[in-house]
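Presented as structure tokens, the chain that follows is alone, the form predicted on its own.
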Amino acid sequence: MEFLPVEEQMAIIGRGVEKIVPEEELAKKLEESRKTGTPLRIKYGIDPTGIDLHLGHTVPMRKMRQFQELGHQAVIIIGNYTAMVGDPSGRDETRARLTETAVEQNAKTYLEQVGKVIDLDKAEVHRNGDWFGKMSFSDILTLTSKVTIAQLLTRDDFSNRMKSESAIYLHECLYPLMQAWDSVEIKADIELGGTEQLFSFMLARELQRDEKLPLQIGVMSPILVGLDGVRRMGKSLGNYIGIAESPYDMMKMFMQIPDDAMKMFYELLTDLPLGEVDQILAGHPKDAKIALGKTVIEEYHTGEEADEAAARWEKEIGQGALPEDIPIKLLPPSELEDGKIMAVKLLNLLGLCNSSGEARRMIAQGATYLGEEKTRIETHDELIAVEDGLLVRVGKKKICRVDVTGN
């Protein structure tokens, strides 16, 4: 196969990458691959610890697709055994262990979602239970003899727990060793992942050296921040955009991204030239977020659906038109006195505010409205006349119609 010149491959691979370890070896591997016409084996492992993948997961997957487009071999590891241990990376407490049944249920939807990013027809797919499930206790002892406790304690997560006297369980110590051994089993040339995986990537090199194999290189992407613009995108934090979500739900979440986080999203989640990205970001932030949302949504849905999602957001939220799917909230008639209820209580009972304090603040800020004509609620103790179908709004995003009859 004819590969692109090494310099061109390096430029493509280097976009959106925080660290390549050891960097000086990558060009040599690419040159050898080009001379021999032999694709490099690119490893990416993912543990089926939940049902849905989010955009943070797609960062290394998109890098994998770039390697595929350069002619290299994608090797996907479905970590059905590592998932039962739980990745301790970046965590200051032990993960809850998943059962084998739960892992298998999650794994069923994983490949379908991975296939939205990576060309699975041209990829190798392995489950690491294929080798770990066959290991005897003697095999496990041999494997664990290849790493010391002192090495494990150099990991930030374990080191931090030691300092805070938090528990480190023995099964957690197996995780980086198992991840590293996956690289031996599939003879990885390059492994993709986040910067928090550095320890496992380097341990894999030691195990490969011990097995007289070529040593892999770690290509590490930055950790994509979530919708708060600060913490890593994650399901446990609820600050993520799932790739299986509807186009409109995705667009609404893209519009919540802080302005200063947009460049990272563009760089890691799109293929737009960085010069074009700078031009987009120089314009109005709202326009930049709509363009970002449409570009990313098109990868998981159709271009027409992305356009429709952007137009619907502009109509319903940007221009304040009524949403297509207004929820109906039941208000027990017993809460009314002569058909009326105090404003603060109404907002709480409808779930539009989480507390009386929040309801008072939103009313004081002039952010609460009644009816299609958006009549402002003036005071927290205002008595609101409630009829079936009354429209109640808090801010731009919270809205419902009242049902007082239960019909």
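Predicted model, so just to flag it, every value in this text is computed and none were measured. What we label the rigid core is the largest C-alpha set whose atoms superpose within 1.5 Å from one form to the other. One rule holds for the numbers: they count along the sequence shown, beginning at 1.
One more form of this protein should be noted, the form predicted in complex with the RNA, which is absent from this view; the next part is about it.
In the model of the complex, R361 approaches the RNA with a heavy atom inside 4.5 Å. In the model of the complex, no heavy atom of L111 sits within 4.5 Å of the RNA. Although the partner is absent from this view, E211 stays clear of the RNA in the model of the complex, with no non-hydrogen atom inside 4.5 angstroms. Using a 4.5 angstroms limit between non-hydrogen atoms, R65 is distant from the RNA in the model of the complex. The stretch among 291-299, 333-341, 160-168, 195-203 whose residues place heavy atoms within 4.5 Å of the RNA in the model of the complex is 160-168. Screening G37, G351, G357, G371 for any heavy atom within 4.5 Å of the RNA in the model of the complex leaves a single hit, G357.
Residue-level contacts in the model of the complex: of A74, M255, V117, M233, one residue has a heavy atom within 4.5 Å of the RNA, and it is M255. Using a 4.5 Å cut-off on any heavy atom, the residues of 382-405 that reach the RNA in the model of the complex are, in sequence order, G395, K396, K397.
Relative to the superposed rigid core, the position of the CA of E382 differs between this form and the one not shown by 2 Å or more. Core-superposed comparison between this form and the one not shown: the CA of L70 stays below a 2 Å shift. Annotation for E337: C-alpha shift of 2 angstroms or more between this form and the one not shown, rigid core superposed.
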